[in-house]
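Okay, so here's just one chain, in structure tokens, the form predicted on its own.
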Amino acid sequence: MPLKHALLGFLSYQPMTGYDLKQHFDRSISHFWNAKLSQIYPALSQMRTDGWLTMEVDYQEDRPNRKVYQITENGRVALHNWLGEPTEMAPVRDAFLIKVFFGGKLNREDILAQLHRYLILHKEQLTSYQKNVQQEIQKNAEATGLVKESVFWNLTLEMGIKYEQGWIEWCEDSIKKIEAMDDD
């Protein structure tokens, strides 16, 4: 399960709480994988049962106690094994493409409105990747000294950027083709 292995990956850098892990998800890999706290905590519990990590309570007087998770040697082996396994291509499941597929049932203005909206969303996401995510990667690399790892972080960001650029190009081309269609 990729969630468990992503958690192991983050914990391989340093011990963290569930909240810390959620923050790392949101600041680093949310452009291709996300997780909710309601998913993270059950996964952490199962991973403890599997022997992949340990948990210690950090008692605090002025705040709620913190549960700090740390990867075990078994967890490192599980992460390494999973990273070495081949990965199949993920099937494309996109509700928007279903709408486009049946777009002939809509009038031109309605389908164009859908495409323009999607174009704006992808342009906004591209801007976020190029500014916010890039800055976060740079900040994390400098703060942690994980220079080698940051090369790989940037590779995933580059894929996210290319993905958004592809959607933008496709939306723009689709808009032109629909605008050029004869009204029937």
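Note that the structure is predicted; figures quoted are calculated from it, not measured. All residue numbers refer to positions in the sequence shown, first residue = 1.
Another form, the form predicted together with the DNA, is not on view; read the next lines as being about it.
Undergrad: If the criterion is a non-hydrogen atom within 4.5 angstroms, does every one of 23, 36 and 66 touch the DNA in the predicted bound form?
TA: Yes, the whole candidate spot contacts the DNA.
Undergrad: Heavy atoms within 4.5 Å of the DNA in the predicted bound form: which stretch among 145-153, 129-137, 115-123, 54-62?
TA: Selected range: 54-62.
Undergrad: Verify the contact flag for residue 13: yes if a non-hydrogen atom of it lies within 4.5 Å of a non-hydrogen atom of the DNA in the predicted bound form, no if not.
TA: No, residue 13 stays farther than 4.5 Å from the DNA in the predicted bound form.
Undergrad: Is the gap between residue 174 and the DNA in the predicted bound form 4.5 Å or less for some heavy atom pair?
TA: Residue 174: no, not in contact with the DNA in the predicted bound form.
Undergrad: Any of the heavy atoms of residue 9 lying within 4.5 Å of the DNA in the predicted bound form?
TA: No.
Undergrad: Can you tell me if residue 160 lies within 4.5 angstroms of the DNA in the predicted bound form, counting non-hydrogen atoms only?
TA: No, residue 160 is distant from the partner.
Undergrad: For 12-29: residues with a non-hydrogen atom within 4.5 angstroms of the DNA in the predicted bound form?
TA: Sequence-ordered list: 17, 18, 19, 20, 23.
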